[in-house]
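Encoded as structure tokens, the following chain is the form predicted on its own, with no partner shown.
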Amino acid sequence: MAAKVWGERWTECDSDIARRFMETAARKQSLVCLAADRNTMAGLNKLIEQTGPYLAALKTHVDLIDDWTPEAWAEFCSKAHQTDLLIFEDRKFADIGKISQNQMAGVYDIRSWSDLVTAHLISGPDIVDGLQAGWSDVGRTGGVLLLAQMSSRGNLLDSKYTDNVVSVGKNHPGVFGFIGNGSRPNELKELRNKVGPSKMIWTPGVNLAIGDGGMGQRYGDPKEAVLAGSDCIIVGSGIHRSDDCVKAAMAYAKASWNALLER
């Protein structure tokens, strides 16, 4: 089913983890990655229990958890994988390769539980090698999402920077894909044309209620994002701040899946 639904993306993507994501999305009929912005383990676990069946991936910020312990986090990650979710740590690494490799270890030991991480390319392509070395140190594989665009107002990722990121990332085997701007479908479509079919594009900045959010965030329509080339919509407040997060997760799953079928 995954090969039929994803078409050229399935054929062209050479990343094992990209295939894993596409298979998960097809099984669950959802292109939704939940931005699980909770600061307690209880809040995270409740969110997974309620919305997990309608998600393909989970985006975390491990350093935001007030009551984090290695044991509680290991249990949470096990629950996420049992719910058929990829775990995406939105760390936005930005240092040189060796430091990034070391940061994958440390107190949070990101290399041991994350399937995906984000990174800026500002320090050069060695950062991707460093992150991949981090996973290799513990006998695992993972994928790096490079920030090619951002959806926040006033960000400095201009078109020249985007072109440089794409030029490096589209030819690097350690790059799973790119973060694009879900709030601007025209820009996203341009990014897809530059990236081609061989890499994923995941997009924050989407909400069924389009417009401006807090702290400079902007939102676009999830259907338009997928039609423009997004392979996964990253949704936060649209789900976890809704009156009924289960119903909201179902709505985003349906909108994203139907848009993929239409695409």
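The first residue of the sequence shown is number 1, and the count goes up from there. Please read these numbers as outputs of a predicted model, since none were measured by experiment.
Below, we refer to the form predicted in complex with ligand 5BU, which is not included among the displayed structures.
Judged against ligand 5BU in the model of the complex with a 4.5 angstroms heavy atom cut-off, the residues S15, L116 and R192 are out of contact without exception. Between ligand 5BU and the residues L147, I110, A80, V166, the one pair within 4.5 Å by heavy atoms in the model of the complex involves L147. Stretch 34 to 42 is the contacting one of 223 to 231, 34 to 42, 48 to 56, 66 to 74, since its residues have non-hydrogen atoms within 4.5 Å of ligand 5BU in the model of the complex. Ligand 5BU in the model of the complex comes within 4.5 Å of a heavy atom belonging to S151.
Of the heavy atoms in S237, some are within 4.5 Å of ligand 5BU in the model of the complex. Of the heavy atoms in L121, none are within 4.5 Å of ligand 5BU in the model of the complex.
Not displayed here, ligand 5BU is kept clear of K98 by more than 4.5 Å at the level of heavy atoms in the model of the complex. For the stretch 83 to 101, the set of residues having any non-hydrogen atom within 4.5 angstroms of ligand 5BU in the model of the complex comprises D90, K92, in sequence order.
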